[in-house]
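A single chain, nothing else alongside it, follows as structure tokens in the form predicted on its own.
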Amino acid sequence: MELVQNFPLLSIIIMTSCGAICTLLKGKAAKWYCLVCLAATLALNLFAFFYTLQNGAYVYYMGRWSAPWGNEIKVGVIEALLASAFAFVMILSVLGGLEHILEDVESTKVNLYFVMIAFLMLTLLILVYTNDIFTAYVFVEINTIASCALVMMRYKPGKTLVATTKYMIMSLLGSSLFLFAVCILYNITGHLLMEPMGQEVRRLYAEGQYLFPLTVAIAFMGVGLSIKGALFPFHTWLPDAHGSATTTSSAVLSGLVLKGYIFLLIKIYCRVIGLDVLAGDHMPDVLFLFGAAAMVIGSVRAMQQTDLKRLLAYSSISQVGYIFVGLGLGTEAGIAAAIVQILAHAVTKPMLFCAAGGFMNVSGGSRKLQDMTGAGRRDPLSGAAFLVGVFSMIGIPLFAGFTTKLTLTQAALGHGSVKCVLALIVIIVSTVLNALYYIPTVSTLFSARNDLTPYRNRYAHYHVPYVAAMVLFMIVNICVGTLAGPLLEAIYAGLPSLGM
């Protein structure tokens, strides 16, 4: 085994030890130690990405025990790419919201905040890499605990407690359905490793055995992870949780946590169930319809918001719909488009939440749009980053969101069915709706009539971490928008490791 093949597991070990060590450190030391560990994780996974790009996917046997007895992680191009992207966005989200972490979290609990950040990164790595479905369940639960803790860390009696409770209840419901599905699949296949389980599922389906339990497992798996991924109509927990959390928490939850669950669903449906089996049970059709509804309804609800963070939260619901529409197409091109959207949204929405935190700083801490009149002028850096994010969300060429809409449109055109027409309609409608709520928001933020707000004389004071985070967010967003060709080549190269 080559040294680089150990890097994904080493990054998992680093984040595990980071969470443990941060419990012993004070806030400032925990902050820097966590950032160093995240940087090391990013570097290791980038090495793994370039290795798999040249040499293909490989399986890492834990303790050198192979299937069906051992535990495995499978490292492919897409897995390493997502792990690298998640680590990078996590670093920028922490840097972009660092000032708010220190303000919103009690000083005695700052180190615990970074413990949760470390464990959240750990769970995302596991969800991306694991080839064992029960291991995935265990870390889904750990992810839930860490996510709820990050929401609750911003201690504001009342709203934060209610939001965390709602988040916990819905997450546990999703986890329970996921566990039921795992139990059913293990009972009918006798395997927990994904590929042996997938081979048995296909055999049983071909022979017409256990079709009803298999259908139930597919449905439970889809609904459970859709709840945790905030797919309409299971999204009701998201606006309160993301809206009431501190800036970094909102950025991480929207940009990374949702995507970890959704990628796990994509991986299980492709590698374990198989798109042919899914099509036989019409699950892609269901996901497609819910995704299309999310694209429209999330945008309609965003138009009704007067709170900037809640507007961004409802926008996330709409953007999640794009991923499920791609998955619902049930084709290789549709899966590729879904993964592009995971990446595009991961580098866009955290930037928007961090920019919103900058606007709050120059608006007396208020999240109300009426109090943020002219905030983009008082904080030009946040204003520039917000504009880049808005251009991406609308789908302006050269920005990340355009790559998503282009690849999803191409995938729909290649489908050649009624889904093609529906997909094109909802993409157009969603794009128009995105413009209808983002353009007035930008107009308010950059309004020259600063006399409308009592905060007209409050200007931004920049810190180096925030400047670095926002500049890098903008650069990466534009890179995703302009380097669509190489990005898609890498994704298509990695699809075979997903079972396509």
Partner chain sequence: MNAGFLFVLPVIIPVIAGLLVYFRPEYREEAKRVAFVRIMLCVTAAFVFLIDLLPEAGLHLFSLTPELPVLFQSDGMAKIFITLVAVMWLASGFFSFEYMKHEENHQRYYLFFLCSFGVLVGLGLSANYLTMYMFYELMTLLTMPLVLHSGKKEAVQAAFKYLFYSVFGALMGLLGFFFIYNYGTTITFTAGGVLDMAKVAGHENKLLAVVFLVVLGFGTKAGMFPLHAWLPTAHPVAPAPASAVLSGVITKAGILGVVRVIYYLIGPDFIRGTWVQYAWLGLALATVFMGSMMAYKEKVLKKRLAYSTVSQVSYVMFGLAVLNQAAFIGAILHVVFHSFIKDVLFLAAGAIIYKTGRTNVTELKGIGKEMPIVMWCFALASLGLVGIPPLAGFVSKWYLAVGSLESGVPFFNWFGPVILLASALLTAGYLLTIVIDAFFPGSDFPMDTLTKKEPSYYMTVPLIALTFFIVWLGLFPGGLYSMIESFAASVF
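Positions refer to the first chain, counted from 1. Predicted, not measured: the structure shown is a model, and the values here were computed from it.
Unshown form predicted in complex with its partner chain; subsequent notes refer to it.
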| property | result |
| --- | --- |
| Candidate from 395, 330, 198, 243 lying within 4.5 Å of its partner chain in the predicted complex - any heavy atom | 395 |
| Interface residue in the predicted complex among 191, 301, 166, 405, criterion: non-hydrogen atom within 4.5 angstroms of its partner chain | 405 |
| Partner proximity in the predicted complex: residue 13 to its partner chain, non-hydrogen atom cutoff 4.5 Å | no |
| Contact label in the predicted complex: residue 432 to its partner chain, heavy atom within 4.5 Å | yes |
| 4.5 Å heavy atom contact, residue 211 and its partner chain in the predicted complex | no |
| Its partner chain contact at residue 203 in the predicted complex, heavy atom, 4.5 Å | no |
| Contact segment among 461-469, 50-58, 432-440, 26-34, judged by heavy atoms lying within 4.5 Å of its partner chain in the predicted complex | 432-440 |
